[in-house]
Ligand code: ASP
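We begin with a single chain expressed as structure tokens, specifically the form predicted alone.
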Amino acid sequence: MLKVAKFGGSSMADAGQYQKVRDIIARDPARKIVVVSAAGKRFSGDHKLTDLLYLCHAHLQYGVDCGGVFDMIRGRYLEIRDALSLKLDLESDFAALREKMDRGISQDELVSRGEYFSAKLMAAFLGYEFIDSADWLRFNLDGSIDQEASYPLLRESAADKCAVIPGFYGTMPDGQIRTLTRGGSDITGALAAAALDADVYENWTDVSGILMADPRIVPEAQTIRRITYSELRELSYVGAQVLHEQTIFPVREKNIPLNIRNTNDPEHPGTLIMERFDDDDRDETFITGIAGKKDHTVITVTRSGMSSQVGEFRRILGVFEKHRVSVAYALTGIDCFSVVIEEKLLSPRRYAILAELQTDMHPDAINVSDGIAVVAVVGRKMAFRTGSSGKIFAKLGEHGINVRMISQGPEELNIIVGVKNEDYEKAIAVLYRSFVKQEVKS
């Protein structure tokens, strides 16, 4: 068995965290490939090393001395090395980096050094081989990942080895270092897992998996034990802070399970993400997770006989497409058509769109409702529970929450309701406490 284990910035923050990582790796010999981020915050008010590296480059761009910031970065890594009693010459690497900075260095190359030094230290600490991502992760000219070129290179470099790989960067066709988006080490880990056909991709962070609801609204929210990639996509789309979509794609494409774990609580099983679960326990709660976003606008176009005229809904959507405004949801009635849009996207083109709808559609009325929050109840078991939507609406009604819109996906993975912004937190809490806790206890 092969596991690729990725550790985030909080897991790389100091020597104590490095020791936790070593203990986790030692517990399972299948964890042969380790991907690491740059050192993160050690405490509230501390700095992430990646942020300091960006600051360094900004200083260089404006001709401001960055010596103090550079010394902070250098000091953090030397402190970790010395606390772990490693015989690793980082001084020469930092001296060479400083010389390159004085001659001229790209932002991407400078910022990538956070992951580079983390990986060098972790490889020495574990006794693993260091494999530089610059040697295998290839970008196309347009900045997309060249999987066809990258995967064989990693397979060749990592064959039958235990290795540590820095996340977040690779190389362009001309050999220049290029970084991924923020959080790119997650993507590197997923690409490594896919390239090596890993049995499991473990993503170790500072939380014990994905929670069923926002803990700022529901402090007692439980961890989602198992979730499908489709459910994860639904929660992510509606606002849940989960993994970047690029992180999911490489492992989903190869049907590799993704396990989100907590470095600070390694015994917790975390959240397991798979394409499907054949042995689902139907006695569990039918809700997998609850998420949402505030600040949407609902625009409803009404005209008698609209539904009997071919192409009317397409014409309405065409107005939004023309103005490059994405529609989040669309709902239909007999003689009306409603669209739900994020207010921040609508705002710059709001009056132009409304004027064009009036001119093109000649409606009986156009109604605009602002300040709408969208709440999604997601769960693959909804299709097996009679009256799921009715129970949800009843509970919201019991607590005085007026539902302004309703949408249910054809795959029966979600039920989406629109409520007033001021009812958003209350709706999330009511749904969680009415269904999740009740069913787990019973």
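The first residue of the sequence shown is number 1, and the count goes up from there. Since the model is a prediction, treat every value here as computed from it, not as a measurement.
Keep in mind that the form predicted together with ligand ASP is missing from the display, and what follows is about it.
At the 4.5 Å threshold, heavy atoms of E115 reach ligand ASP in the predicted complex.
The closest heavy atom approach of P266 to ligand ASP in the predicted complex falls outside 4.5 Å.
In the predicted complex, ligand ASP sits within 4.5 Å of a heavy atom belonging to F168.
The closest heavy atom approach of G270 to ligand ASP in the predicted complex falls outside 4.5 Å. Just one listed stretch, out of 184 to 192, 93 to 101, 201 to 209, 219 to 227, contacts ligand ASP in the predicted complex at the 4.5 Å heavy atom level, and that stretch is 184 to 192.
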